[in-house]
Every structure is written in structure tokens, then in C-alpha cells.
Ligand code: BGC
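Below you'll find only one chain, the form predicted on its own, shown as C-alpha cells.
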């Protein structure tokens, strides 16, 4: 399969690595995504081999975008969340390009989801500052201003209530620790109001698996800024990564290129 009319993305998660070709016009996967369990330990070489397996599964030839659960600067990973600490300091772009034999761009997984929602999802055509938050084991974040990505925001790690914000309001508190949904939702509302004071966004996009319960959650948020549920769900990382693989419209690698050209 070649990249004549399609783009290709891979989303690296803590439990699974999944990828698929994407139609750049509609933002839809053109076939069922291929998923492989994340190797344990999830070292750079092991994950790179799995990404290559996914690329080879589709006989893909062309640019590849890869979303990883980490801060990525100039192609280099500088944090590790749900992947092995050996990733810290790894030039992911160089490693994945060498392993797959394709031109690879790498970005944060929440940033990929944000790019996808702004291009194809609920935030398409919305001007101003869009903040996407993915509520899961932690809180991932993406900030997009007038269609341009502000990379690596990591808003889930802001200090809030004397702790990382994600320790106060991540969805794991409901899904694993059995916190009452209303109690948790009101915590999320507190966190969103804090972000309002800091960022004054024009729209919050509420993502993560728990977003399927957004109709229940929304009445307890009590936030002035509009909040809407993400649309692309579990495909957002693949779609956003695919976009980053072929252009810089979302700003995914502009930070990388500007640093390299200094």
C-alpha cells in the first residue's frame, strides 16, 4: 500500500499499539485498525519493532506519524508515561525511521488527538483557543490556537489542590477506585475552572473513554466555557498521528524543525 491518496498513523499506548491508513479528506480509517499488545517491558527497541510490524502488516510505503505517551521535543522523548523509562532521551524519530525504513514524525498522543478533533471532529472550524483533555489513567492535554498546535502542554501535571491535577481528577478514580461519578465530575469542574483562570480558552473538548458518559457528567461540571465531548474517540490518536506524518499544519514538528535550524 502506498501513500498516493492515504496517510498512515500509529498510536502507542500502555497496553496496545495500533495503526491504520487514514483518508486525509474524511479523517476516517480506510480499513480495520491493526492492534498489537504493547511489549513488556516497553523499551524503545521493542516498541519500534512492534510499530514496524504494524507498518509491514499494511505493506505501507510512505510517511508515518507515530503518537507516543510522552513529551517529544525535536523528535526526542523527554518524559515517559505508560512506557518504559528507557525512552527518556531517545531520539524516537531517528529510531522509528531507521526501524521502519520510512520517514517518521513523532508527537505526544494527546497532541495527536487534539489535531484530529480540530481537523475532523467537534472542534473543526472553531476559532480561538481549543483545549482538549483526555481523561483516563491520567489526564492528557492538547492546546490548539486558531488551528495551530501548542505542543506538549501536559496540563494534567499542573499543581492543583497540592497534587498533580491528574491525581485529583483522572478517570481512573471512577473506573478503578470506584469514586461516585457525581463526586468525580464536580472535581473535574473545579479543575476546568482553574484552567479557565489560567488560559481563558474558547472551548474545552472532553475526551477519553469516559467521554461516552458525557451526558451524565456535563450537568455537574459548572463551567462557563463551553464543554463538548470528543467525537473521534479511540481513533483520534491514529488520525492525528497520520496528519503529523505528512504535514506541519498542526505544528506537530514545527517546533522540531525550528530548533534544528537554529
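Positions refer to the first chain, counted from 1. Remember, predicted model here, so these are calculated numbers, not experimental data.
Although not depicted, the form predicted in complex with ligand BGC is the subject of the following passage.
A.B. asks: Though ligand BGC is not shown, can you say which of 157, 119, 187, 93 has a heavy atom within 4.5 Å of it in the predicted bound form?
C.D. replies: Checked against the cut-off, the match is 157.
A.B. asks: Under a 4.5 Å heavy atom criterion, is residue 99 part of the interface with ligand BGC in the predicted bound form?
C.D. replies: Flag for residue 99 set to no.
A.B. asks: Going by a heavy atom distance of 4.5 Å, is residue 51 a contact of ligand BGC in the predicted bound form?
C.D. replies: It does not: once ligand BGC is placed as it appears in the predicted bound form, residue 51 has no heavy atom within 4.5 Å of it.
A.B. asks: Indicate whether residue 174 is a 4.5 Å heavy atom neighbour of ligand BGC in the predicted bound form.
C.D. replies: Although ligand BGC is absent here, residue 174 would stay clear of it in the predicted bound form, with no heavy atoms inside 4.5 Å.
A.B. asks: I'd like to know if residue 75 sits close to ligand BGC in the predicted bound form, meaning any non-hydrogen atom pair within 4.5 angstroms.
C.D. replies: Close contact is absent here: in the predicted bound form, residue 75 is far from ligand BGC, nothing within 4.5 Å, heavy atoms only.
A.B. asks: Using heavy atoms only and a 4.5 Å cut-off, decide whether all three of 69, 82 and 138 touch ligand BGC in the predicted bound form.
C.D. replies: So, yes: the whole triplet contacts ligand BGC.
A.B. asks: Would you mind picking out the stretch of 85 to 93, 108 to 116, 174 to 182, 122 to 130 that comes within 4.5 angstroms of ligand BGC in the predicted bound form, counting non-hydrogen atoms?
C.D. replies: Among the candidates, contact is made by 108 to 116.
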